[in-house]
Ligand code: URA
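Consider the single chain below, provided in structure tokens and representing the form predicted alone.
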């Protein structure tokens, strides 16, 4: 079930960069990157946008680059698995980005974030998560708007808040810069994942 299309032309700048990347990196995916684990599950992770040599190359969110390796390792160590990797005793999750195409310098314009918002809304409506983890300010703002546009909640690492029946969690993005400067550490991220695990455990008996 697609939430975007490979020939999307909503954002002129991103379309132009996709064409350039297709020439410069002909073996890369170079198309809008959709959610991984796109089916109903309790936990959704939302990042910023595909990395040039990560998701833009592989076609999978947080795959193939530094941020993806850090994130997936932390998730695995704390008992989280993608839907396609699920096994007994593991919490499943879906992962996506606020912006579906690689933006120059990893900095999407507000107009590009706005254009992609409809895709994020569709993903949330399909996944129906009880819990959403926002990786960074852009993801935080997009998720808040996608869930309920008429509230203002400031991003704060480690914070959690409710929108309707959902609990939203904030974390710094696991970018290489944030990890190397220790703005975000594996221990800091583990604390957030443990909080999410406890919340998921509360709703599991209802199934």
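Residue numbers count along the first chain shown, from 1. Computed from a predicted model, the values in this text were never measured in an experiment.
There is another form of the same protein, the form predicted together with the named molecule; it is not shown, and what comes next is about it.
**Student:** Residues in which of 49-57, 35-43, 161-169, 177-185 have heavy atoms within 4.5 Å of the named molecule in the predicted bound form?
**Tutor:** The contacting stretch here is 49-57.
**Student:** Using the partner position in the predicted bound form, report whether residue 67 sits within 4.5 Å of the named molecule, counting heavy atoms only.
**Tutor:** Residue 67: yes, in contact with the named molecule in the predicted bound form.
**Student:** How about residue 145 - does it come within 4.5 Å of the named molecule in the predicted bound form, if we only consider non-hydrogen atoms?
**Tutor:** The answer is no: residue 145 has no heavy atom within 4.5 Å of the named molecule.
**Student:** So, residue 173 and the named molecule: in the predicted bound form, are they within 4.5 Å at any heavy atom pair?
**Tutor:** Flag for residue 173 set to yes.
**Student:** Which residues within 17-44 place at least one heavy atom within 4.5 Å of the named molecule in the predicted bound form?
**Tutor:** Nothing in the stretch sits within 4.5 Å of the partner.
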